[in-house]
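Listed next as structure tokens is one chain, alone, in the form predicted alone.
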Amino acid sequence: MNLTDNCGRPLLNLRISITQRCNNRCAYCHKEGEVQRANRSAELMSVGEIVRMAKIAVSLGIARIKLTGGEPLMRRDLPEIVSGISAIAGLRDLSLTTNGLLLGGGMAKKLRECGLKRVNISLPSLNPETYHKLTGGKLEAALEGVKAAIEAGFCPVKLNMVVLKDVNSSDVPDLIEYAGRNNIVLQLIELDPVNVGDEYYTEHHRSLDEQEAMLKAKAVTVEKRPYMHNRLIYHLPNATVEVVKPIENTDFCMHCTRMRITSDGKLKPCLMRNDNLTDILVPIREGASDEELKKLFVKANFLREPYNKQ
């Protein structure tokens, strides 16, 4: 069974936020669109509940799952979550988005052994002062995490760089060079207005048109990902760069193939909205059958629609 919404968009990807706790404080973080942060003293969903949600999703043809947060590595039971999900028959891909600060010390290798296939690591700058200003963390620890991910054999390792006007936009060439030198992929991400104040967005939002023009001029080939918002991948002579431009982008929305599960157990059809959520955690705790849970996914999929319409 495969789910398709009323606009003909298949549902292929699921992002599960397993915590809203984080050891960084990035002002630009969209927190997967969640309005309220979870209780910092406790996780709301257990390993078993998360794995069961993932199993229901895969049974409906959602074969690619990404674990997000917050910072997923803040959960000590992350290896158990990864092991449980990776064992699901029919799963094609299991990945993680992280700031990388806790990937060292053998954790990256352990997660790889548990079945994690890919990682996206947030790295807004290679300048220690800029990195600390944006995240509150230490660049050295993040770079150690990148190194650990590479050595663990994740393929690919991707760097997520949110480009901010007058803050880190001039760092893009350095990140491209760093990505190429380490044989990893750089994702340039345009700031979106979710969970950031209007003033911050106005001050720091910068269109990626200029960056794309530069990449197009240097690219050997350009690839389009039809099942990932039609985003473009620029293959440069010595590096690979993806560009994520979600703002007021009808092409992005019309080719969206994902759904989210919030850290408090709600199915979220769209990053930009919180008025169409479907609770799945409460039914699980009340003894709902797999068939009943599948119907909740179907209901949530029915509510999917492009936020920016053509």
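Residue positions are given as counts along the sequence shown, with the first one as 1. Computed from a predicted model, the values in this text were never measured in an experiment.
One more form of this protein exists, namely the form predicted together with a small molecule; it is left out here, but the text below deals with it.
Heavy atoms of Lys55 never reach within 4.5 Å of the small molecule in the model of the complex, leaving it off the interface. For the chain shown alone, Cys270 is not a contact residue for the small molecule in the model of the complex, no non-hydrogen atom being within 4.5 angstroms. In the model of the complex, none of the heavy atoms of Thr278 sits within 4.5 Å of a heavy atom of the small molecule. In the model of the complex, Gly265 stays away from the small molecule, with no heavy atom inside 4.5 Å.
Screening 173 to 181, 144 to 152, 215 to 223, 91 to 99 for residues having heavy atoms within 4.5 Å of the small molecule in the model of the complex returns a single hit, 91 to 99. Exactly one listed residue, out of Val196, Leu236, Leu232, Leu139, brings a non-hydrogen atom to within 4.5 Å of the small molecule in the model of the complex: Val196.
Ile189 is the sole member of Ile189, Met107, Val185, Leu126 with a non-hydrogen atom within 4.5 Å of the small molecule in the model of the complex.
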